[in-house]
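In the form predicted on its own, a lone chain appears below as structure tokens.
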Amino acid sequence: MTRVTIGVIGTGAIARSHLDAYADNSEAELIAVSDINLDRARSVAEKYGAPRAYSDPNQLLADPGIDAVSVCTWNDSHAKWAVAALRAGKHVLVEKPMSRTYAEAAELEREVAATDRILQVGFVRRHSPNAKVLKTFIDNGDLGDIYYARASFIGRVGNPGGWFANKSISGGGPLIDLGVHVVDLCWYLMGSPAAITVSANSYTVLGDRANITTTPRWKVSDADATSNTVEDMVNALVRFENGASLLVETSYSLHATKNSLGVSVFGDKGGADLEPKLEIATEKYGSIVNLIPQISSPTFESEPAFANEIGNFIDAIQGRAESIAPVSHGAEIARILETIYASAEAGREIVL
């Protein structure tokens, strides 16, 4: 079978995960990378054996030798380069969030509808072995009808700074950066119901936490504590058309006793924690029973998750499978996140 030829736009940390996964996939062939820093693009191309490097993504998209691209840029250009790639006839894997706004997401949906190209959203946690196992249990009816879920991603020592702290570039703070992962996971495991109302709160109280000097955290190289326009923390209740509900909480800065990650779903036959580790609760013969599937790791595993994500993208391009993270899913998550922000700003529940 003909290998799918690949270009990668952006060479930052998330791009390296894509590049590693492409390098390990026998049906993918890396052709080119682009980065605003041409020297960096050339260095990355050399490391991964790509014959071409560009400083302008438009040059990469004009390359007739490329079938598909990964868009691994800052949030403010995800939709821009995804649209450009589709118009150039490329298949697209665009990092999360697919867009900063629902308007950008809707434009992407229209572009995909007008072409025969695949657009897959980088919801990588869907592809982790623990999530795949839980989805199998749910699809086989072991949890019954899912009517409630909790999505929590709590950081306590501040944002990474740089573009992460600039709302005009990022689109927001912990909700669109961290919370998107757990909101998407819960929504996906719940069967992707349509949201009908959102009630949310947003807080900007602690800020960048520049006063915290002894607790280590990851910061970008251009972090500046005086430049911060994103929220500290968001909480929300999302109701869906099937009567189910989702409770969301996410933060960069919160006086929590520890950083934490939680993804839980509850049905009429059983429930499950996916994070911090996979464990399933059910009933057997008059007893409540906890089941722990024996898998390589009960927690999120980055390397196999990216490998599975790239594998699903290649399979979709080759016509062997459907993408499990299509453009419609990216658009609905964008709509939910945007409405959470809007509800928090308005101080009231919003009906979608």
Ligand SMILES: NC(=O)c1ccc[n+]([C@@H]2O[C@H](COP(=O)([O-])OP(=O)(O)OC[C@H]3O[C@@H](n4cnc5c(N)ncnc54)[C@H](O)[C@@H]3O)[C@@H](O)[C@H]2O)c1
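Counting begins at 1, following the sequence as shown. As the structure is a computational prediction, the values presented were derived from the model and not from experiment.
Keep in mind that the form predicted together with the ligand is not shown, yet the notes after this line are about it.
> Could you tell me if residue 91 has a non-hydrogen atom within 4.5 Å of the ligand in the predicted complex?
Replying inline: Flag for residue 91 set to no.
>> Can you work out whether residue 77 and the ligand are in contact in the predicted complex, taking contact to mean some heavy atom pair no more than 4.5 Å apart?
In response: So residue 77 counts as contacting the ligand.
> Is residue 73 a contact residue for the ligand in the predicted complex, using a 4.5 Å heavy atom cut-off?
Replying inline: Residue 73 belongs to the contact set for the ligand.
>> Since only the chain is shown here, I'm wondering whether residue 124 would be in contact with the ligand in the predicted complex (any heavy atom pair within 4.5 Å).
In response: So residue 124 counts as contacting the ligand.
> Of the residues 275, 109, 177, 249, which one places a heavy atom within 4.5 Å of the ligand in the predicted complex?
Replying inline: Spelling it out, the residue with a heavy atom inside the cut-off is 177.
> Among 96, 239, 167, 156, which has any heavy atom within 4.5 Å of the ligand in the predicted complex?
Replying inline: Flagged contact: 96.
>> Given a 4.5 Å cut-off on heavy atoms, tell me which of 258-266, 156-164, 186-194, 139-147 is the interface stretch with the ligand in the predicted complex.
In response: One stretch meets the cut-off, namely 156-164.
> Is every one of 10, 14 and 35 in contact with the ligand in the predicted complex, taking contact as a heavy atom within 4.5 Å?
Replying inline: Yes: each residue has a heavy atom within 4.5 Å of the partner.
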